[in-house]
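Let us start with two forms of the same protein chain, each given on its own as structure tokens and named structure 1 and structure 2.
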Structure 1
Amino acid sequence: MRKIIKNSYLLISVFMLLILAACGNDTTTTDGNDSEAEKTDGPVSAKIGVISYLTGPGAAYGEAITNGFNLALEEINEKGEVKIELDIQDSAGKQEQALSVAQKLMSSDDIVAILGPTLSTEMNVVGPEADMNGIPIMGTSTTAAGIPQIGEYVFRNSLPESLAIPAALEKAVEKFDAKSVAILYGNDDLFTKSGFDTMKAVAEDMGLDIVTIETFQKGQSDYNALLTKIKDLNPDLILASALYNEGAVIMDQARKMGIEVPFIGGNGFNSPQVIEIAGPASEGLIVATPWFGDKEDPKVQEFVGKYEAKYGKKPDQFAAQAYDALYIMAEGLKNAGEADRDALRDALAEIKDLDGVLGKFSFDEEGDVVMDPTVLVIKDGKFQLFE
């Protein structure tokens, strides 16, 4: 009798579980898809980590980038389609510090994505870690070759040197009928080394005579020896891959030495700091960039006005790229419908023709930027279109 009663209880229990499961499915499913119900229940709220170069010799990069993020953050949260919180960490431009703060951010389940770090050298160690942990990371100023190719979770919206340098060099060669170039670059930084590789390859492809290749290190202050050699060889153009600190000093010393040929700079020169440090010696510097603050575009001028009102200065390329980057993240979160790392990664990869202050933006199949560069020259103390 006990066995019969026990079996009866078992059958009743199984029957009740089946009923509860069926009821549970009926109450949690909308149009047959539980995740869709969650996605449409109010704006997505997400916390994004930021790794920025805030202290040290290149802090002007980090300041502009962080300002761009914060301005975009105010606008995005005010619109209310998504709600974003930023956790901003300082890398001081150092690989080990960038990796340390990245690991701290990645260990938090609240962090759905990372923006930064500032330098390609930093991304070279942080990117693989982010990819391994399955967290989307987007560089807003990392222009060295191979960054998005680190892994499927690694993106960038910054125009790579492989697109910028050829655009600037081709236009300069045409303008000045140049036949020969000298190249100098910082050989202790991934970014400046990558810029050099591009400069050398493009110069060779164009059939230019490379009269000399000179190197220097971060923090170097005396460039007279290498500039004397360049002056004696009398090239038509000087190609320089440097961060703004060293680049501005190089130009200043070159002009004082009587070298008047045009400089073609890599992405590190795309900062008003070059003008501030080098002064009149920066005149004639040619660069390629996705950003031109004097562009007659309502979206650009609205951004410039808001940025200048808030920070007391005009935005540079790094501020503009950061501003657009947070909007790209917001679009990804909106399309993902949830604050989930994998869903956000997939949504970012699908972004096409998003309107930003830099123009229409898309990611290619590797997570790299699809955008046309604009060639600028420093004239009368400011960046202007190079024509």
Structure 2
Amino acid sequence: MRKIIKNSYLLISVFMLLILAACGNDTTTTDGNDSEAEKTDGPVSAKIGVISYLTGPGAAYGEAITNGFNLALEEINEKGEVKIELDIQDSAGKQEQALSVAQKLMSSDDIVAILGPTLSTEMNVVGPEADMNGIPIMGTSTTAAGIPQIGEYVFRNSLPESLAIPAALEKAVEKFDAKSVAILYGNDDLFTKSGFDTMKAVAEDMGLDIVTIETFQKGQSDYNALLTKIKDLNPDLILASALYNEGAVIMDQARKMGIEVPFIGGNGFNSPQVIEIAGPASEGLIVATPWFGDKEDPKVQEFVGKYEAKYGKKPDQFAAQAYDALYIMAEGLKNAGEADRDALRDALAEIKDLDGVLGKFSFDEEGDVVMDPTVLVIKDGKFQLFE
């Protein structure tokens, strides 16, 4: 009798396994042979896959990104020049899952392009696969070096650190007449490590004296030791390649310790959250960004207004980049004139000076971003243009 109870465990689990396998099978079926039909006349209709970081510690990024997509989607479909459908999938920020999901999207014939994934680590895995299968893929938040170089089907519209950091650094050095810098970076994260590599190269190019290079790890709470060391070396500027979570805490502890010099951050440091976490200690953070929500541009203000009305919060750079990305896709589809992967790729590569909320946008020959970043500084409790 006890045997039977015991073994029911196994039966149940086997049964569950079967059900799960069955579920896995079903989810890929889609009701889409309409792409062929739409080809002849009327607007181009296409389905685009989205891979986003929707669950787990970085879910906030994925949420902002998908919000940006959805807002753009509504507007584009309303205009009616092209008709787009999105298939949004979660990757939980993990390479394995991103790759699985990408396979799922790529193997479905009516998906013409992929937006995402969120993290550069994921793109490093998904990019080569997409390139080999000949499906255009565009990152909206992948800023690490080398992403568009993966292949000719790989694009991005996120401002790489190699554009953002020199812009911020040049302006700051000029303004403060800085000679020496200390560099801080999170060494266990692709994003911040990649930002650091750029920072170091730029600082060396500019002939700045790097007094020290210090590292920290994700989730660290005590930065006193390295800040004390930096304080002692007394640099003119501190370059911090950090995500805003750690970055804000670093600024807070630095100001407490009496370090008053400006901080220059990378893309990941650029978030209103910094002000929220560090409060007055965040004053003096300089970042370069494609996105400035207070820009006096009707296009920008319209986007901010709509976004706020719909999602109840101000859009950040991730939302803005995603919003523009879908417009880029729509433009590409319109120019391609058909829902075809290769045609779309060629059309995307041709895009020049497209007006978006981030400014004028073009791809260079590698599929990377060409645009002028805006340099901002935190002053009086908010981001302002840094002049």
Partner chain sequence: MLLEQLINGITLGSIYAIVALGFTLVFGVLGIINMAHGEIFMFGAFIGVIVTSVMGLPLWVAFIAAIAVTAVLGYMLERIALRPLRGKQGVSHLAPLISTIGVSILLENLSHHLFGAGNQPFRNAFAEIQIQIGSITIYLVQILIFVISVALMLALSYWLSKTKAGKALRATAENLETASLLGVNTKRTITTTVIIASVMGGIAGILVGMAFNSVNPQMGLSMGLKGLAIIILGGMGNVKGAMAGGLLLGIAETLIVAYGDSGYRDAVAFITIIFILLLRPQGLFGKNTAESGR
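This structure is a prediction, so every number in the text was calculated from the model and none was measured. For numbering, take structure 1's sequence and count from 1. We call the rigid core whatever largest set of C-alpha positions still superposes within 1.5 Å between the two forms.
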query	finding
Index of the chain form predicted in complex with its partner chain, chosen from the pair	2
Core superposition between structure 1 and structure 2, C-alpha change of residue 349 at least 2 Å	no
Is_shifted residue 70 between structure 1 and structure 2 (CA, 2 Å cut-off, rigid core)	no
Inter-form CA displacement between structure 1 and structure 2 at residue 60 - rigid core frame, Å	2.5
